[in-house]
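Next up: a single chain in structure tokens, the form predicted on its own.
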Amino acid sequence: MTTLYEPAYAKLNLTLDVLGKREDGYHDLKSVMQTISLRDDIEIDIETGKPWVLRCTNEAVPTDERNLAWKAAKVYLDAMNKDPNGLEIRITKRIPSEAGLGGGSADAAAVLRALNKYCGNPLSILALAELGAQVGSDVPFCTLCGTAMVEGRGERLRKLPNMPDCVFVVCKPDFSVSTPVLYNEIDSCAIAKRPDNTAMESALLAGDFGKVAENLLNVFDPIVTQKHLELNYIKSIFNSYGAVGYQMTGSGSAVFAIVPDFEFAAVICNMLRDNYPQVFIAKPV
């Protein structure tokens, strides 16, 4: 039996634009995404000689073939025409669920990377990301990691300059948001302001985290904030204690701030933790 280890990094949407609904029912997106050091840990036992098993430290997470990590293992092994002779996946969960942080996708991506290494890296990272598109929309980016422009349904990736050194504070409030409902809402409303992805790329190229912060924009943010005004409270704490920029990630409900250093992040966390136990400090990865 062989045991594989792989980190599964959360993602943030520095920008997120919805361009329209496709014929297949999905939406075309354009988003600058960033992986951060907030992570789950994945362990995989290969050649257990037993039926497949998935275990997770979060009891709310499904532990059967509905789990994206399980799906990723099946997709990869089927593509390689390989029988693992039994498999056990263990997920140590730290990334909050239903937060817009890509936790399930990160787990799936980690499984793809781990199995690819086990098999001797027959697929390039971009080929592996392409395979991840069969599992979920955020899996290709979570497979690639770093900073990238993500387009289409999530399958079109272009590497961007690395995020300049900074610190993120991520806060997940108690409520969650239904992604399908949110997409239905955005189909029927006028988007007042869209992100300037060209300006975001220029800010990354210049290595200017202040300019990156200025260009944060997520078209879902105002829709969710209108219904959940406590997001304004969290943002006001960010703003009052040194954040240079902040917004919601994905379809929510987590919001994040960019701050210059750990000291600012620690103060913000202390201000939020009494009301919001799920507050995290992270770095770009």
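Position 1 is the first residue in the sequence shown; the rest follow in order. Fair warning: this is a prediction, and the values are worked out from it, not measured in the lab.
The same protein has a further form, the form predicted in complex with ligand C5P, not shown here; the description that follows concerns it.
Though ligand C5P is absent from this view, in the predicted complex it lies within 4.5 Å of a heavy atom of just one residue from Lys50, His27, Arg55, Lys227, which is His27. Note on contacts: among Thr179, Thr92, Ser97, Asn162, the single residue with a heavy atom within 4.5 Å of ligand C5P in the predicted complex is Thr179. In the predicted complex, ligand C5P sits beyond 4.5 Å of every heavy atom of Pro84. Residue contact check for Phe175: none of its heavy atoms lie within 4.5 Å of ligand C5P in the predicted complex.
When ligand C5P is considered in the predicted complex, Tyr118 lies well away from it, no heavy atom lying within 4.5 Å. The closest non-hydrogen atom of Pro195 lies beyond 4.5 Å of ligand C5P in the predicted complex. The candidate spot formed by Ser137, Arg153 and Tyr183 lies fully in contact with ligand C5P in the predicted complex, as each residue has a heavy atom within 4.5 Å of it.
Proximity to ligand C5P in the predicted complex, taken as heavy atoms within 4.5 Å, picks out 27 to 35 from the listed stretches 56 to 64, 27 to 35, 241 to 249, 254 to 262.
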